[in-house]
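First, one chain by itself in structure tokens, the form predicted on its own.
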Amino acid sequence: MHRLIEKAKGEHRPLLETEAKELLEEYGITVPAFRLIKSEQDIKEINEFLGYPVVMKIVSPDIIHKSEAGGVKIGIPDEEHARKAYQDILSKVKEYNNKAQINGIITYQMCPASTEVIIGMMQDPHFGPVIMFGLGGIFVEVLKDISFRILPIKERDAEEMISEIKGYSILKGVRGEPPKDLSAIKEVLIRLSTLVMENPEIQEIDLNPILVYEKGVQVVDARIIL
């Protein structure tokens, strides 16, 4: 069993966001560079290791909906604002749930805006692990424009998952927009398939959003449930 999963299972909790992103990185899935800030003193490290602007989010096994708890700040431009954001996040989270265990605040580089996609995985009682792909935002929430496959998948499966959604033309580039990196999306699907098959303790994965650029992708938010 992977050491991160073993530790989380021993503590009867999901993977923390920092752990989920560390696991994704081990499987070659790109996430923004990040640091776990455990005290206000650590904020000095942000400029050296990440640079500004940054995003700051609460890391707690007891806070699932971070925005709802006031645990997210984006577009933080400098150290002064980072200190204020740090204090503000802790204050609001304690107000939201004063019994929540707080492991720190994950801080990562602010990624440039681009087309958003999502990739998810869940355990189906009949078919076992199933992977899902779609465009983010309204496309998945309202239009349900998504594709599914039973894991494991191969390269051809990943290509079909991408091309069969109705929003495929957006990924290929419309109205002067350049095409997005379809190969990078395919790689994430295949690598996530491998991750899931090698770690059967995982019950659910939610990578949302994944920002897709002309070259490469960045998994901005990651949730892994055991």
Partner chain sequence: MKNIFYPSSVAVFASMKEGKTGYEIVKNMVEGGFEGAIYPISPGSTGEIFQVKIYSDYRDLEIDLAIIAIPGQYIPPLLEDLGKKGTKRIVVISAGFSEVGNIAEEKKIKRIAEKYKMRIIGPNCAGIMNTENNFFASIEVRALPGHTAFITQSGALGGAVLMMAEELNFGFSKFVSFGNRCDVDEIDLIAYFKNDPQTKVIALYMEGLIKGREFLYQVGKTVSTKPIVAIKAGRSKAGMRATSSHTGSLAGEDQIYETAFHQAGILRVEGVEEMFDLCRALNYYTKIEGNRIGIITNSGGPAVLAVDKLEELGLIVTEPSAVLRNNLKKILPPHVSLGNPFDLLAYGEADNFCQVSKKIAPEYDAIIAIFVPTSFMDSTVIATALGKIKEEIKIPIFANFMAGRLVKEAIAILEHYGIPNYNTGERCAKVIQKIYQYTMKLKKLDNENKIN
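Numbering follows the first chain given and starts at 1. Keep in mind the model is a prediction, meaning the values are calculated, not measured.
Omitted here: the form predicted together with its partner chain. The next part is about that form.
- Contact check for H81: no non-hydrogen atom falls within 4.5 Å of its partner chain in the predicted complex.
- Although the partner is absent here, D124 lies within 4.5 Å of its partner chain in the predicted complex, judged by heavy atoms.
- In the predicted complex, at least one heavy atom of E160 sits within 4.5 Å of a heavy atom of its partner chain.
- Contact between H2 and its partner chain in the predicted complex is not found at the 4.5 Å heavy atom cutoff.
- Stretch 146-154 is the contacting one of 70-78, 146-154, 96-104, 83-91, since its residues have non-hydrogen atoms within 4.5 Å of its partner chain in the predicted complex.
- This chain is drawn without its partner chain; in the predicted complex, the residue among E204, E25, E11, E214 with a heavy atom within 4.5 Å of it is E204.
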